[in-house]
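The form predicted alone is given below as one chain in structure tokens.
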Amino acid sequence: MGAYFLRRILIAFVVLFGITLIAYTVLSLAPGDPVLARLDPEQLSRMTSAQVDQRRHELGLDQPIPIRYYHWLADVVQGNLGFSIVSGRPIAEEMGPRLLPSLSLLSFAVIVALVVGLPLGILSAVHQYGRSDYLLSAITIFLISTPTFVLGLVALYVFGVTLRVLPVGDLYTFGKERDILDRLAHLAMPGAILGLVNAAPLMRYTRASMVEVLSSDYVTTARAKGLAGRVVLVRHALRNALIPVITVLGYLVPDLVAGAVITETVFNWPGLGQLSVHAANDRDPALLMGVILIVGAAVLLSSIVADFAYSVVDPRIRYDQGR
């Protein structure tokens, strides 16, 4: 098993290299000049073309894309993510304060998705074609088909503006002592919205997996032996039904990250998602590459963890060299 995961880690590095190469090329070929984008029209009118070219040369933007990518990759290997062309600060300093808010948001959303998606998916499967099944299916379809920003704006209006039970954005209440309760209050709406959106597909996968397992022969045999329904459901059906669901959980990270970009923007949550939007608006390729590198590594790590969880849940799965 150790050899398998070592190969997976090596493959992950190759895939991450491909992700950064493609992203760097696309950002370099994207319309717009980073140098011109950061200059106001009045300042630009006083500069000659030679001065603009000199500024572009100082930033290394006049070199071919392969050379620029090579220099960027060499700096990353040495632990240097480069500098923001807008603020002039190191990329690590730009992203550092935003890592914890993003992690807290994503962690809260994962907890909501698990607490809501798994039990309701099991309930829907147990009561297949019943009223609760149809009701939960309708709610799932509604959450899947409704854009995240629409749910966010509705939640802001209802809970933040009309009822005024939750703050409408940011990490803390301005002018108030920062404590854990205030932080949780600000986290509640964006985390719940992001979690519910991702709980919907998780609920559907859990239902489909449980329906298949509940109709299997070994579950029928367990019931024929007189075992209680709860014992059959928990000991025999649930563990096997969770095996395909683990795959969904492992690849839930990309959906969470994509949703976090919208959620953080709607709720003014100062995380990496909001930072990526600012970097795109400011034509800051180095900052965007830093975010892409961190997110890409997190997605690849989640897939490796999902493979490991597979082998823990199902003892029949062994990642041996001969298989």
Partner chain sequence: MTSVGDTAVQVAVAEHESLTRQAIRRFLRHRLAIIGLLVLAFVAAVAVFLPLAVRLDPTATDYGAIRQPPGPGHPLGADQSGRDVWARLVYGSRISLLVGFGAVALYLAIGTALGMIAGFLGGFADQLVMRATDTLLSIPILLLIIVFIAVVGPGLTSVIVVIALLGWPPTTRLVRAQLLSLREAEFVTAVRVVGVGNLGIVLRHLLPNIFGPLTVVATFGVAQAILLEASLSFLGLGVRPPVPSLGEMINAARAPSTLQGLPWVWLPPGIVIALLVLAVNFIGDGLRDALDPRSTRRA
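Positions refer to the first chain, counted from 1. Everything numeric here is computed off the predicted structure, so don't read it as measured data.
FYI, the form predicted in complex with the partner chain isn't displayed, but the following is about it.
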Could you tell me if all three of 7, 80 and 118 have a heavy atom no more than 4.5 Å from the partner chain in the model of the complex?
no
Among 170-178, 228-236, 249-257, 80-88, which stretch has residues whose heavy atoms lie within 4.5 Å of the partner chain in the model of the complex?
249-257
Between 100, 150, 111, 74, only one gets a heavy atom within 4.5 angstroms of the partner chain in the model of the complex; which residue is that?
150
Assert contact residue (the partner chain, in the model of the complex, non-hydrogen atom within 4.5 Å, options 216, 240, 104, 146) equals 146
Is residue 26 part of the interface with the partner chain in the model of the complex - any heavy atom within 4.5 Å?
yes
With the partner left out here, check for me: in the model of the complex, does some heavy atom of residue 207 sit within 4.5 Å of the partner chain?
yes
Looking in the model of the complex, any heavy atom of residue 135 within 4.5 Å of the partner chain?
no
In the model of the complex, residue 54 touching the partner chain (heavy atom, 4.5 Å):
no
Within 4.5 Å of the partner chain in the model of the complex: residues from 254-283 (heavy atom criterion)
254, 257, 258, 261, 262, 265, 266, 276, 277, 280, 281, 283
